[in-house]
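Presented as structure tokens, the chain that follows is alone, the form predicted on its own.
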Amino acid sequence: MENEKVLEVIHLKKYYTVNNGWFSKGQQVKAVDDVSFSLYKGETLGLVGESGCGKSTTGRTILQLSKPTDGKVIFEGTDINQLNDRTMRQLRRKMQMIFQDPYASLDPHKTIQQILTEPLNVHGLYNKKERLEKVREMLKIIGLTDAYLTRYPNELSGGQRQRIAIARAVILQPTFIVADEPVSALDVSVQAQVINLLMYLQKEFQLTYLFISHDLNVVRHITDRIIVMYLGRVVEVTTTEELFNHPKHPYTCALLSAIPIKNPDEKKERIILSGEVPSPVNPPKGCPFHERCPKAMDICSKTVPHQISVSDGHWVTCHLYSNENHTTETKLSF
């Protein structure tokens, strides 16, 4: 991992207004609530949390597929929230996304050749002959032959479809890719193959990933650092090794305790969280996790905790550490 910043997300917010009857008219769903982080060249940054925590919305908002309510997204030194549609379209060549469902993300009416050629056509790259050569080269890289050029997505397996979706994102040679649950829809036997492909492509094309997933085993294998989200907020950020060896936030500890162990004879304490995930329409006051937290204190229900540095590069948003000898700093420091 290099020290050059590719992406900086500053106080990003994405709220949705819901009108569900008279009593909920004009209420806001805080899908992403004040999220900040930096992403460095060549890094794979994991974004984890339960379903509904705002992971995918964060990724889509960063890429401007969903316009942010507030905050800044600075990509290679440019605040892309301020760009017009024409300039943003030109920049999209450097910012791509791999979607979760390969069955829904590929046009069923187009051949594989048409699907992979389309990004090159949109951005006006190469002539017709060169485009075909690029597509053939990309197929070879992802482990498929020219025989797939004339096939349609419904003729492919799930793993093959996701390889095509990955190839479509990489063929433009972007700088940054958001991978939104790229293996969760695949069989376990295929997941490792796709993960290894992503790691190979990262080295081959000097890619930087934001890897969104709920599967901590997958995240542990592919990421350099991890962000843990809960109810639209960042609760912990650190290196992958540090998170698995020394988790700090009670929510992170609960997530890690739920990972299945390989040895059935090995005993492992499972942390069971009480209650349900609160509604983002009406989140709890104070710390959003306090109603389910086994270590909640009186202050947790009254005051929103600040992000605190507990060690070099390890940040936690929790009152448990606010009275210790830690340094409270701005969110933009990690």
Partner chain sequence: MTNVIQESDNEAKPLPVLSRKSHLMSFFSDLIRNKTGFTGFIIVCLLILIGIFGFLITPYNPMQTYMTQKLLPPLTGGHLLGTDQLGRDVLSRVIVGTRVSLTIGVVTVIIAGAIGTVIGVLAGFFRGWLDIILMRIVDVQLSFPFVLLVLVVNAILGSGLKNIILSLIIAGWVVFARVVRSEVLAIREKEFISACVATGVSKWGIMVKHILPNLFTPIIILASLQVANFIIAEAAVSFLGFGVQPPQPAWGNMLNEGKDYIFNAWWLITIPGIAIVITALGINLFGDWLRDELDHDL
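Numbering follows the first chain given and starts at 1. Owing to the predicted nature of the structure, the values given are computational and were not obtained by experimental measurement.
Form predicted together with the partner chain: not shown, discussed below.
Among 84, 78, 206, 154, the residue placing a heavy atom within 4.5 Å of the partner chain in the predicted complex is 154. Here is the short version: of 135, 231, 166, 144, the single residue with a heavy atom within 4.5 Å of the partner chain in the predicted complex is 144. A residue is said to contact a partner when one of its heavy atoms sits within 4.5 Å of a partner heavy atom; residue 290 fails this definition for the partner chain in the predicted complex, lying far away. Contact between residue 248 and the partner chain in the predicted complex is not found at the 4.5 Å heavy atom cutoff. Residue contact check for residue 127: none of its heavy atoms lie within 4.5 Å of the partner chain in the predicted complex. Within 4.5 Å of some heavy atom of the partner chain in the predicted complex lies at least one heavy atom of residue 123. Relative to the partner chain in the predicted complex, residues 92, 160 and 196 are all within 4.5 Å by at least one heavy atom. Residues 89, 92, 95, 96, 97, 99, 100, 101, 104, 105, 106, 107, 108, 109, 110 of 78-110 are found to place at least one heavy atom within 4.5 Å of the partner chain in the predicted complex.
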